[in-house]
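Single chain ahead, written as structure tokens, the form predicted on its own.
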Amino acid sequence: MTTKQYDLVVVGSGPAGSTTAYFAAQAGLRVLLVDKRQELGAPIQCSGAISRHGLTSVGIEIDAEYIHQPIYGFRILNEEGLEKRIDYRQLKPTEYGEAEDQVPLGYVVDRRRFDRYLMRRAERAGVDVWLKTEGLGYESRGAAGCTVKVKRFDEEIEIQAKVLVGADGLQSQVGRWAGMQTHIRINELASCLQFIVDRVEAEPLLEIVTGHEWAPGGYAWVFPKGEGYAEIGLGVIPTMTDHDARWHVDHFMRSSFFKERFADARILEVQGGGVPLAAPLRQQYADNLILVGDAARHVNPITGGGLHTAVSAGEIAGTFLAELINNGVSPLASELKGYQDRWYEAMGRQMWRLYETKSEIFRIKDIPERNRQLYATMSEYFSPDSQYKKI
């Protein structure tokens, strides 16, 4: 069996994994990034919205290569179509807009191109990247590091590393190797589906539609993709409906107050997957191992947004591990707890509060009252004065 040596092995080359690898390599670590997929960004399970701050705060350059559409604000609508419009071009006209000295609030990105961009950034920082490589397991050797086994092109390879990073997504396999409870309850897993459509007009705003009628347990959305295209989708909690997500998307398009707007829509692509609306994992570390991104449930439990939280957590993880390893500290659980502590101070505390807010809303039995509470919460969440701006 072939044996390799690295400081860090990162399993999963999505935004969290690539960002972790990038910051660790920038600080001088020898990093290997592996992924069982052969095509990055596929399958697409994400609407691809991220704030400008979410990109620039972790040093990701704004690049037309991965951007579909600049975004300048939000339209939040309730079940009947009552609207709250939050357009930052009007709220802060000296900062946000389309003029040369103004900037967008955020972007809808092409996930395939975005993931490739982040992986290339990591590779250029010195990260070795192995695609079509399956993780088989890991064994902790305590202060001496760990052994990670992978399979690449039918060859089993043993890697000696100091730390293994699980960035392998929802219900992380890497986490299970360490005995972590990474499974998620079905009533906290949103079934999401979206259509990429032509012939639907859309402003450069993210449109969010709340209400049990259209999306039980979640919300519906209409996001512009540029060039006349749009994303129409929603997420539902399976235990709150007798229908699947496809039925609800069809119902939303045919029966909602947007039905005339959607009448000429031509479906070009169908995308979908599961999105956790759960609390972050209570313990995201073990001896010689940490979890980051979706694997640690670093997902906003109200909006389901995970791009901003993934790259932010990746910066925290990569920087922390570089400091730990470069200072010769043994990567035991007692020391790796510092990663989770740092993450908690940066965003974890707010994510727990959001989870508690979400749970309170969906414990309400009276559906009209629940609808009112969700609409009010979403409207406040996206306002300029929101306490959750960084999440």
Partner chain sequence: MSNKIPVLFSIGWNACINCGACVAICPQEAGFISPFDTIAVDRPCDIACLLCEDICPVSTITHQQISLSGQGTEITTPGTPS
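What you are looking at is a predicted structure, and each value in this text was computed from that prediction instead of being measured. Numbering follows the first chain given and starts at 1.
Note that the form predicted in complex with the partner chain isn't included here; everything after this is about it.
Using a 4.5 angstroms limit between non-hydrogen atoms, residue 246 touches the partner chain in the predicted bound form. Contact between residue 30 and the partner chain in the predicted bound form is not found at the 4.5 Å heavy atom cutoff.
Proximity of residue 208 to the partner chain in the predicted bound form: non-hydrogen atoms within 4.5 Å are absent; the residue sits far from the partner. Residue contact check for residue 271: one or more of its heavy atoms lie within 4.5 Å of the partner chain in the predicted bound form. In the predicted bound form, every residue of the candidate spot (36, 170 and 177) has a heavy atom lying within 4.5 Å of the partner chain. The single contact residue among 86, 302, 159, 189, judged by any heavy atom lying within 4.5 Å of the partner chain in the predicted bound form, is 189. Scanning 279, 131, 184, 196 against the partner chain in the predicted bound form with a 4.5 Å heavy atom cut-off leaves one residue, 184. Contact with the partner chain in the predicted bound form, judged as any non-hydrogen atom within 4.5 angstroms, is confined among 253-261, 237-245, 73-81, 217-225 to 237-245.
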